[in-house]
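Take a look at this single chain in structure tokens; it is the form predicted on its own.
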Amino acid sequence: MNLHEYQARALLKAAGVPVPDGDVASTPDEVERIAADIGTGVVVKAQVHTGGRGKAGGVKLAADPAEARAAAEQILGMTIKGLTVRKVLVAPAAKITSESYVGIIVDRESQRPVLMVSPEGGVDIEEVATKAPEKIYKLAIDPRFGLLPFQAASLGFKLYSDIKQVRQAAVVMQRLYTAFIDAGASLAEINPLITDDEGTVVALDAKISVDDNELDRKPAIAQLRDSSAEAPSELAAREAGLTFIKLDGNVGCCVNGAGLAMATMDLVKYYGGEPANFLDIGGSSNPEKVVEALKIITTDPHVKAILFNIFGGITRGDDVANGIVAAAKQLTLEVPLVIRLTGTNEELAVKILEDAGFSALTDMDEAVEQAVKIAQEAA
């Protein structure tokens, strides 16, 4: 679950991280009032769960309340990467003398939270990793002890030469770790972590993603979910009990099992295609899940071929086949289906599909290659 910037800032502030004042608004009138209360130049920032807000025109500086209102009128209601802006954050405009990056992720390889810092802040950390990986410094944190002061200070020296700023940065890192743990986060980052014209270290922007598995244990965090800010397809998938992530390709994927789903996406790339989504129907033998999965995939206008890759174990092949047939009756399927189905009740599943006018392959490579070819020809 992704949090809005204003929500992430509030969690960091509660943990003691220095964060500028500000407030969230959903109308130009509210923005004008907040800007007047601040009394200085402000920045008006779109609150959507995606990057690239600035490049899309979703971040604007305003010298006075009237300009802030005008900026809000432009930003509210605009669409950024398919998401409609319904809220904006209004905060004091900062005088920036330097920008750094500080972030924590869960690293599966080390099985620990990993703290990353870089003196190259203000840009995506992925861009820094590509262009200047030597400027990213990492530390795996032992969860038994947390982030120790000397560890935070050692990374602070990677960002600043002024000992006062090193100490401030070390405190920020420790408090960021506290917020990370308290929220059950999979990612928490400050980008940029700035120094202002007085030499004070301040968290200017914040991003927190929470592990969905934590939400049952953290109801206060769960209440921060903003369903209206999520992609409609991802919202529909969650309500249907499906694991779905929207991507930018044109081969729609419907697979059972996360491992097989990832292998399928890799194979689509291997054969020169681009997956349009990650979609795992799980181990359930519920045909309705297949119907819901097809509904979600077919709402994406970029999808030119739909690939079913089913390996029947707990999931029964005949139930998946019945789901495909039911979906074909309920929906107007204008996109070709390529079906690979093997495993439990395979023979029965193939017969169900053939009786409904479909065919099924058993070889995964053959199915993926066929789906990629269809999508490329239709593009």
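Heads up, when I say rigid core I mean the largest set of C-alphas that superpose within 1.5 Å between the two forms. Numbers for residues come from their place in the sequence shown, where the first is 1. From a predicted model like this one, the values you see are computed outputs, not experimental measurements.
The following text describes the form predicted together with a small molecule, which does not appear among the structures shown.
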request  = Can you work out whether the small molecule is within 4.5 angstroms of a heavy atom in all three of G22, I34 and A66 in the predicted complex?
outcome  = no
request  = Heavy atom within 4.5 Å of the small molecule in the predicted complex: which of P119, P92, G257, P287 fits that? Just give me the one.
outcome  = P92
key: Single option in G282, P192, G249, G184 placed near the small molecule in the predicted complex, where near means a heavy atom within 4.5 Å   = P192
Segment that reaches the small molecule in the predicted complex - one of 309-317, 346-354, 45-53, 24-32, heavy atoms within 4.5 Å = 45-53
query = L155: heavy atom within 4.5 Å of the small molecule in the predicted complex?
reply = no
query = Applying a 4.5 Å heavy atom distance criterion, does A140 contact the small molecule in the predicted complex?
reply = no
ask   = Is L333 close enough to the small molecule in the predicted complex to count, meaning some heavy atom within 4.5 Å?
value = no
task = Evaluate V123 for contact with the small molecule in the predicted complex, applying a 4.5 angstroms cut-off between non-hydrogen atoms, and reply yes or no.
result = yes
request  = Would you tell me if I125 moves between this form and the one not shown by 2 Å or more at its C-alpha, with the rigid core held superposed?
outcome  = yes
